[in-house]
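The form predicted on its own is given below as one chain in structure tokens.
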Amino acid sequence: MNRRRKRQEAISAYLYLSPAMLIFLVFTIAPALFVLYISTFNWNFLNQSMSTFIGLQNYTHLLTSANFWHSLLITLYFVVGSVPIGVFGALLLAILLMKPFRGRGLLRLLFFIPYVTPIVATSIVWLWLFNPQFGLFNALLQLVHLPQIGWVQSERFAMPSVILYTLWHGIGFNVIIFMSGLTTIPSELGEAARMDGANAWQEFWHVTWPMLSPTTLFVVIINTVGALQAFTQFFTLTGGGPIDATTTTSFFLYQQAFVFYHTGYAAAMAVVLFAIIAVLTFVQLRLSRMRTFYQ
């Protein structure tokens, strides 16, 4: 009877999971396998009957392409410039927003609103802020007698400008995640540390930070993957320029697939980008395993 009951429960569980599994297979696994398939072809996007099998030539061309390696360096620049500031800045803001003060709820809302607004819509507003002639940022620089900047129109400042926008748009999500992590830390631990003579920094370093390690790991991985895949803000703010200064791997993939119609080559690039993301995620998990504390 117990074996029969367990079998019935297993069948019921699989039936309940089947809609989600079907959606996952149709909209995630099947497209991924199709991308892997066409990456071995000189794929004709407009006439698939003219596509020819070329094996691993797309990958060979990709790995020997200076433009691809340049896009990887630009992507690395974006990841290094946005992820650490986005994670630790959000942690600091979350700790401050957990303290009781008047207007705390409104301030929390103001930090989260940018995250739920469309990137395209807010990018248009930021294009006005970045405008070198009448933008708000240059007006503020002029007000304090600092030299004006070309922002997204400058090869030097285009990427920092996109990073600045990305931090503004995405930091609210990180703040919310860290705040939820802070609520799970027992208040008795902080009280015990303070009774033992710990100051605010010692309490954070020896109590809060270790207890937040799973949350931090999650935020770091999500932000890293998001930065490696970032596309929309580059498309709307800079268009990959000026002079390829913001042509990330995702944007380069878009150009190859939908501007030059090198579909097989772009598919190979997507596979390589997926492999890079998977390896970096695995490395992050391995490196943080010894420093992550789970309650």
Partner chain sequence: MKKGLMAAPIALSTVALVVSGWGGVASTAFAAAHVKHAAAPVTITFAEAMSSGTQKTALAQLVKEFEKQHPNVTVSLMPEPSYGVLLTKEQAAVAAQNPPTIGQAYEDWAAEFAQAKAIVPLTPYVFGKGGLTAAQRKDFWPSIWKDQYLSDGQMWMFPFNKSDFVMYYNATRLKQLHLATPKTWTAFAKVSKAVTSSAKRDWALSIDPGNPTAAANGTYLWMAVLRSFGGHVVQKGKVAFNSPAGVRTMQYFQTLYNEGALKLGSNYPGQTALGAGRSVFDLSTVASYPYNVEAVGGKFNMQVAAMPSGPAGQGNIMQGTNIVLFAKSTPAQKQAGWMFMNFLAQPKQTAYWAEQTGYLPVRKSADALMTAYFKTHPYQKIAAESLQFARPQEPIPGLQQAIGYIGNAVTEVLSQHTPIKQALTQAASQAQEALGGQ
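A quick note: this is a predicted structure, and the numbers were derived from the prediction, not measured. Numbering follows the first chain given and starts at 1.
If you look for the form predicted together with its partner chain, you will not find it shown, but the lines that follow are about it.
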item	value
Which of 206-214, 168-176, 79-87, 150-158 lines the interface with its partner chain in the predicted bound form (heavy atom within 4.5 Å)	150-158
Sole residue of 117, 184, 202, 142 within 4.5 Å of its partner chain in the predicted bound form, by heavy atom	142
Site test, 225, 239 and 274 vs its partner chain in the predicted bound form, non-hydrogen atom cutoff 4.5 Å	yes
Interface membership of residue 68, its partner chain in the predicted bound form, 4.5 Å heavy atom rule	no
Close approach of residue 261 to its partner chain in the predicted bound form, 4.5 Å, heavy atom	yes
Partner contact for residue 32 in the predicted bound form: its partner chain, 4.5 angstroms, heavy atom	yes
Residue 134, heavy atom within 4.5 angstroms of its partner chain in the predicted bound form	yes
